[in-house]
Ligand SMILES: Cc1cc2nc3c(=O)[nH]c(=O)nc-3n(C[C@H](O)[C@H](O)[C@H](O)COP(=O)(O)OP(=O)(O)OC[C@H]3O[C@@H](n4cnc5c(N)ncnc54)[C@H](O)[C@@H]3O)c2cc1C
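One chain comes next, on its own, written as structure tokens: the form predicted alone.
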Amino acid sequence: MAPITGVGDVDLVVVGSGAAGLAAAVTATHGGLRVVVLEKHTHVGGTTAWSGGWMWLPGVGACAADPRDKGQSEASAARSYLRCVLGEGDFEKQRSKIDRYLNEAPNMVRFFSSMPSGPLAFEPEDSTPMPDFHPCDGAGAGRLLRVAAFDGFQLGPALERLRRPLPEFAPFGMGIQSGREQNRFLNIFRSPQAFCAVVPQVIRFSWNLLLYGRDVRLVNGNALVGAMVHAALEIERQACKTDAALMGAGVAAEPARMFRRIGIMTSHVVCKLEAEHGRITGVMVQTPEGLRTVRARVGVVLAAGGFPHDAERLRAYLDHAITGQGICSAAPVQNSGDGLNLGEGKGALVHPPLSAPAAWAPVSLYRRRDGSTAVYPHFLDRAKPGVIAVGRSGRRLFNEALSYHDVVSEWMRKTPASKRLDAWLVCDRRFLWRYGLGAVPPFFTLRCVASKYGQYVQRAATLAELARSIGVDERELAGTVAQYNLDDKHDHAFGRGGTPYERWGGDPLISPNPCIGPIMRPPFFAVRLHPGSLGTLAGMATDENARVLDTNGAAIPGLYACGNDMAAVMGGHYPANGVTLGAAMVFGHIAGQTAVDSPEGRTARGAAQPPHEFSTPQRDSSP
């Protein structure tokens, strides 16, 4: 099979261009390896580009605040929290990877924020810090970091190769940063300060749209991907300058290639892993020019996004009627289990989850004007005052303010195994105007809602009429809403607003309970909920160095996994927002440094010792 033209042999192949894959690629390149990233989609970024960009990294903030502590106290508290959430048994099963995650998080941030080639600008939350999901021992707030808004102009033509954010979270294409900026948009007509802050941003966006046809200010997950791609481009530019200087000095140049140090190639589908004598030595790739091979002297990193769109594989982990109903995933459709299939083909063990096989989220389905279907995850609206979730019976199903993962988990637990998971979010006119509902943004007039979202949201003048239109019990729905309206301070049915995380998701301008408000101003509205996912948590078994393990528990030489292709660090539990992306960045970094430090890595770069001072695995001795 012919090689990809202009690529030749590389040291490391990375499959997938989300945060995990890019972290592994940039780390390995800085360590002296020649790396190629192969992405099956036409655009770079994977699920990360659609995400909020938050990373759960306990200890990093404390490390920055007090260098003497190095984040150890905060990491110890986080360890206690995880022990509480996972339970003693599951925590001990995951202990080695959890310890590596917590110990390596500050090193990962330090590495990427100090790169000579385009350092990443990490920043903490700029509004009220989000608490951890569960009020357990060791729970805290302010453990999230993200990459600051990034100027897309720095990417040059590569900007158009970046996966754009979901239009439902970027109205008219304008990126809105989660946190303070998002809160300002939600309160634009309730606060003069918010209005004055939003107007200049809208003007700036309009100007960019007029001149360039898009917003060039990248935020959230788009900012993280853009900054990582920029770092890769800077490495490559520096390599080209070095080659030019060598040629000027009379030193013979290498044969012409597409790239010198790191290349990112889209529309390249990896079909097969190549192996010699039990070691992974390359990949077979379907390119726009045909089937080709790429040889990898050090190995291959699998970071293809898990299997949220592999219905058959996901069905194997579910014992509910949801198997026939299906899971609506908000992840890109390209995340169809390629990495796991490749690994299994070479003997990798796909680790069954200790808890959930996926990161659940309640979603609704919205038909866009271009005919495509948007899977909208309900992150913000459920905890706001003045909305409830009811089932076919017309009664409430769960505490709506729980985390997105816990809501679906409770929904599954309380629904008999033979029944479908049916639910509707119900609210009134005041709620729709103030907060929006699913894909319907706030501050839309009733006429605009009817014309643009008439097939998505059900509307009725009375609760009885709404109940008939959505197929729920009329009398029960009326009674449910009446009882909910009586609980203006405390939710006697489910205790909504009873934890720091739930109150964080409510409306801070509403007291005493920011999650409770009446449903009484007609017309009334309803949006249908479906069980959905943000990504998968089951994946290939790895050790704490991101090396893929076979069915006997031995590392497969030359094969690494990170991101959602790797079995989740938390074993299928979901303790906090940003834990998936945080683990992706940390173990992507670990995968890259492990490849650099391997015997093959040292041989490939022709050095006896690593050129950078990578950290070594540590086992925390605290209980």
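Bear in mind that the values here come from a model prediction, so they are computed numbers and not experimental data. For every residue, the number given is its place in the sequence shown, counted from 1.
As for the form predicted together with the named molecule, it is not shown, yet the points below apply to it.
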Based on heavy atom distances of at most 4.5 Å to the named molecule in the model of the complex, which listed stretch, 550-558, 591-599, 43-51, 24-32, is the contact stretch? 43-51
Is residue 304 one of the residues lying within 4.5 Å of the named molecule in the model of the complex, judged by heavy atom distances? yes
Please determine whether residue 575 contacts the named molecule in the model of the complex, using a 4.5 Å cut-off between heavy atoms. no
Consider residue 579 of the chain shown here, and say whether it contacts the named molecule in the model of the complex, taking contact as heavy atoms within 4.5 Å. yes
Would you check, heavy atoms only and a 4.5 Å threshold, whether residue 505 touches the named molecule in the model of the complex? no
What is the one choice in 74, 338, 104, 181 with a heavy atom within 4.5 Å of the named molecule in the model of the complex? 338
Contact residue in the model of the complex, from 331, 389, 457, 273 (heavy atom within 4.5 Å of the named molecule): 331
